[in-house]
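Coming up, as structure tokens: structure 1 and structure 2, two forms of one and the same protein chain.
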Structure 1
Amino acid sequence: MAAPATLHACLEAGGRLSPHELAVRDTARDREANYAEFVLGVDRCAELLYKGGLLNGERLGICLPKSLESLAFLFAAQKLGAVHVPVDAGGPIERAAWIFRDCEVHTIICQTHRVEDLRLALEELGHRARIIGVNPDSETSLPQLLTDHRVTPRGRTEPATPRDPQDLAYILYTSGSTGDPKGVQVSQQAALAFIDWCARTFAPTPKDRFSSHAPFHFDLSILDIYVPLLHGASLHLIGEEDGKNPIRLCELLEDEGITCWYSTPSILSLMLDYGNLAEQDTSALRLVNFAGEVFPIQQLRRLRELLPKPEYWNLYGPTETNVCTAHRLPGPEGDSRDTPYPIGGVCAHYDSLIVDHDNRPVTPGEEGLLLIDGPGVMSGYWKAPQLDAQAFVEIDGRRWYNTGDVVRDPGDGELLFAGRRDRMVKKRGYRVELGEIEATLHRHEDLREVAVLARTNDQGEVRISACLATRSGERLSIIALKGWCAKNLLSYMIPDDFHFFDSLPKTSTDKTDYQGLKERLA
């Protein structure tokens, strides 16, 4: 198969392979479209946007739940050479408005009942945009739904100008250290380099059935969306409510015959603990990918014992690179590992350096900051040159992206994750990596979720707090817990206090919400 030249070409390639086969299924609404139907829906969406004045290079805001419609508008933007900017449709409307104002969107697709609220929020920020209301819960088919806007397709809608590989494809907003979200700009080339790596690594076929658990504003969704559709496979959209319901998620594995799964470890752990996973027929499952955070080794071992057949991959990378290292787990037979698996070797479309704080390469086996360069790296942050200056470093005339993550190469190229540079604190003169404390607490057999925070009190002393959720839901003895920590941690690393929760708060991308925890403890 020839490599696609654009993201929209991924859909066209799948349509040629499987024109009458299932392309996309919305599991929450029990609606689906084959490739011919979905391509028609995308064409009508593109026509609607084109008639409204959306041009090559302009931004399309998408504030719509995961559905056939939101996916169709995403591809319609790609067809026109526009840049799609997805946001959390269930999040605060003020945050969505801030993002849309920041990247100067031309048009926004929004749920019909939220149009007026979004319009008012934009007006308060001094920004005007065309807002199109769509109701994904309509029982009509995608092409029928779009006739409500009186759109008559006039044939293939072509972009105004040929697209360059460096043209932007999408912007994903992530939390910023200043408190304002920052827009990660991803080019056609960068996205396609990742998709090509996925194709060569995971060997998808038209018979595959991919889950789509991640929301569209999370970078995990890029694999979910484009890899199956490029190969004529089917994409099974999992709605926001089902995405947090472990019983329903496990049912969907069987009901949809999922062959390729991708999510954060938190979701897989939730399914393992509360989803009756052992009672589901998961015989179709051949691939389990996880990314976004460290997978506690005890949980991962339990999952592999329950589901020994699939291939397991630990995928690592910030939004700015998508996946840049990957580790295929060895077979589960005789697995006695008690530390997290490596984040793996550097993907084929990337190069890496491990450097000290002065950007000098470390000696083999030493910890250092991971730098990445290659065609998959982001173009930069949207209109934020000061952030670009912090994120990129030039070494010997070459521009590297600093991931901010500390890693170590034990000598075989399979990198070990040591933590975040910004999660290192000094306590009584010692350097403490909060992630190391978390990894140790994860080994406690009674703990289900763990997050460790550092706070400075009024006297300027650093105090380490452990936020915990237990398997039983009951609090553990603090004395016993401190005794256990004393056997497994250096004295200066033992948390000063312990806080128990029914479950730890999560962000919209299913990662632990550290900021939310800090606010709860304040």
Structure 2
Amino acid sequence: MAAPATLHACLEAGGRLSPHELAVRDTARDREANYAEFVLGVDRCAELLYKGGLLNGERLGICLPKSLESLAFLFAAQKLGAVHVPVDAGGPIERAAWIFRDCEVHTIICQTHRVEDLRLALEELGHRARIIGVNPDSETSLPQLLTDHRVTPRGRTEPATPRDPQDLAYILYTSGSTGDPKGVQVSQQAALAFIDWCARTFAPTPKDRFSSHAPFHFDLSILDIYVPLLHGASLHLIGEEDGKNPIRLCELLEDEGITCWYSTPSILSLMLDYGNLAEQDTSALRLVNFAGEVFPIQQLRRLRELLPKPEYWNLYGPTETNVCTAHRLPGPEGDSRDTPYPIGGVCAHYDSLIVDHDNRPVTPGEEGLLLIDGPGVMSGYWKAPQLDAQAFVEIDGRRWYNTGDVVRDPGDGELLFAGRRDRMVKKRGYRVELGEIEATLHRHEDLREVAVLARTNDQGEVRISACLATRSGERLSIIALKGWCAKNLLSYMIPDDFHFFDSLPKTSTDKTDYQGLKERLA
């Protein structure tokens, strides 16, 4: 099979392989489309967007729950050569508006009941965009979408398609240390290089049934979406509510006959601890991929004892590179490992360097920062040259992306993860810049001093703790504080616990003494 030249061509390739087979199932709403139906739905969505004036290279904001509709609009943007920007539909509308203004979206797809709120939030930021309301919970099927909206043609008849592999495919916003999210720009070429690596590594067939657990604004979703559709396999969307419900997730494994699963270790741990994995028929499952954080070894061992048949892969990589190293776990027999598995060998489409703080290669076997280069690397951050300057380093005329992660090569090329250099942590696979939470809490009028730190508990869970000093000196109600956070932060950024101090401890240079705080909380 010839490699697809665009992300949209992945869907076309799958459609040729399995025109009448299941393409996508929305498990939460019990709706599905075969390839022919889904391609038609995408075409209708593309026509709607095109008639509304969305052009090649312009941004389409998508603020919809995971559904056939949100997926169809994502492909519709690709068909037009536009750039899709998915955001968390369950997060604060102000954050969605901030992102949409930042990348100057032309059109936004949003739930019908939130259109007005979003319009107001955008107006407050001084940005205007065309907002199309869609309600995935109504009975409206995709082809009917067109008749629901009055659109004015712009006078062109043929949608543009991307020609240059460097054209952007999508922008994913991740947590930024300044308090503002940053937009990771991914080109067609970069996305396709990763998809091609997945195809070679996991050998999907039209018989496969892939889970789609991660939300579309999370980079794990790239594998979920494009790898099955390129191969005529099916994609099983797991809704936001079910995605947090381990009992339901275990049922879905059986009900959907999932063959390839991909999620964070946190979700697999939840299924192990609170679901009923042992009672489900998971005989179809052949592949379990996990990524986004370290999988505590005890939990992983229990999971493999319960489900010994599938192949297990530990995938590693920041959004900026997507997966850049991968480790296939050895068979469970006689495996007595008591430390986390390696993040693995560098993927075939990448080169790597391990360097010290002066960007000199470390002595083999020593710890150092992992640098990555290759066709899968992002095209830089959206309109943030100062962030690009921090993220990339040039060594002997070659530009490398600095992952900020410290690794060690024990000698066999299967890299071991040794920690982060800065104040970014992973919580349930999500990137959290502790500085972003601090910057948000600083906007709370009753707080005078704020320090946020992350700790790992005995079960290997990352907990976020907020250390606070109030203006009045009185402690605040945690109920009220959590409520305030729910309005201002994404759910995975809301601190797990709050601690009150008269004033926060300082270092000799008058900076917040994070080490001291950590010791006081321990």
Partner chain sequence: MAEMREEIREFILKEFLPGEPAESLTDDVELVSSRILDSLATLKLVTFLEDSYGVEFAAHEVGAEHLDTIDRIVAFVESRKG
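When a residue number appears, read it as a position in the sequence of structure 1, where counting begins at 1. Just so we're clear, the structure is a prediction, and the values are computed from it rather than from any experiment. So that the term is clear: the rigid core is the largest set of C-alpha atoms that superpose within 1.5 Å between two forms.
Legend: structure 1 corresponds to the form predicted on its own, while structure 2 does not.
In this comparison between the two structures, the rigid parts meet at a hinge, and the single option from Asp422, Glu124, Gly397, Asp358 located at it is Asp422.
Relative to the larger rigid part, the smaller one has turned by 148° between the two structures, according to C-alpha superposition.
Core superposition places the Cα of Met493 25.2 Å apart between the two structures.
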